[in-house]
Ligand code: MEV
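What follows is one chain in structure tokens, specifically the form predicted on its own.
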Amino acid sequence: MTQENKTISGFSKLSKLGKIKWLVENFFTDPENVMRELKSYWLDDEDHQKILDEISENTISNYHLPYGVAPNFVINQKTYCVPMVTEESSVVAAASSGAKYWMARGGFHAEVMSTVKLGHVHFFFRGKREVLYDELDSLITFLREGTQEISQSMEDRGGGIRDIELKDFTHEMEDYYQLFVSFETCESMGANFINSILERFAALMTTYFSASAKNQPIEILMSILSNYTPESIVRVWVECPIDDLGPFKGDLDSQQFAKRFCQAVRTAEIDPYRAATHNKGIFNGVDAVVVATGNDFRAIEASGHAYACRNGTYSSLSECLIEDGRFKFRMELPLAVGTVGGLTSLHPIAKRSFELLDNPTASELMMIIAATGLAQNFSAIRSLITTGIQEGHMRMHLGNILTGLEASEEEIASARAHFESQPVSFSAVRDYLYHRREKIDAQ
């Protein structure tokens, strides 16, 4: 295989089969089997497959992830069965465990603090600073009027452009300013709406300042929404009397558990190394629901991790308190999600996710997602300070290990019974199968 075979012009114009044929012939040693395998993951339903093919670019097959559910989530006294898409079995188990635990203690409480999204026009103004500020009010009126046709339908739903500010960054980069714009996008995540408004703003700003009466030198750098949404915040918490918490494995009573739990959360507030793993656990739950509902998990991760740095250092997103004999575990999280538009309206399983959740509003979805993240975080910390994370984690992986070792149905049943009372590790499972097979062969 030559290097020339690995490059191609016009790949996107090939048919789906044409793309696969070129790939398997130039990158795989067994092209016929690879082609057969890639095609085996196509959906039988041609209409649904066409939807998936058109969602992305250069699609050749489908990469399947498990679609699971976590029942028993009581959020603001309403019960949900939460859809979760993840390859990690322990994530769904932990979320389900946390939900069931708090179901008996009042459930999760949540409230949306705000739903404002943000975007910027980044530009250089080479004229006098005073002129820019003198023209600001007139410019803002001009921008609002010039985007009315785009914003009208959103305004009719209660959203639209909320505020327009000028931010001066000339102390950081010569002549650099931002038009800082806030939006309400109602039930949609709003990325396309925001970017359309901002790009129109950029064109209008150029027109405004190039008019003969003003003739001020302005250079637009770019126009884009921000995935950092510190003004689109949901708050979620659980609480109960300390005496209602336990007892727990590891011989901890309720008081000891509450103290150790708060200490564990405190380590993530102090140490960024611990905070990264701590917050990753929160996003184990958050991402799984975000993916299941066709929202953008990458944007939400970026926003959440930026928010974790808002006080100058990377820290825990959740916090734990003991006050007046009560245990309180809570979190604030920036979330920009939608229930209409984009993949939420296209992906057939995303539609079922919304139906499963009783067709929530965007604000309700924010609360469901945040509660799932907090449940995940609670279960992880509970395991860490009692039995340790590996006992449950590896037990959940037993099925994966057995599959990897090509165990038969009979061997799987036997191994599951055996490891009910034994620690699980890859080597332990491998040795168990080896000795079992050896014993059977000897009979």
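In case it trips you up, residue 1 is the first one in the sequence shown, and so on. What you are looking at is a predicted structure, and each value in this text was computed from that prediction instead of being measured.
Here the subject shifts to the form predicted together with ligand MEV, a form of this protein not shown in this document.
At a distance threshold of 4.5 angstroms between non-hydrogen atoms, K117 is out of contact with ligand MEV in the predicted complex.
Ligand MEV is not drawn, but in the predicted complex it has no heavy atom within 4.5 Å of Q263. Ligand MEV in the predicted complex is approached by N284, whose closest heavy atom lies within 4.5 angstroms of it. Of the heavy atoms in L384, some are within 4.5 Å of ligand MEV in the predicted complex. Residues K259, C320 and R326 are none of them found to lie within 4.5 Å of ligand MEV in the predicted complex, as judged by heavy atom distances. The candidate stretches are 270-278, 332-340, 298-306, 70-78, and the one lying within 4.5 Å of ligand MEV in the predicted complex by heavy atoms is 270-278. When you look in the predicted complex, the only residue of D175, E155, E199, E88 with a non-hydrogen atom within 4.5 Å of ligand MEV is E88.
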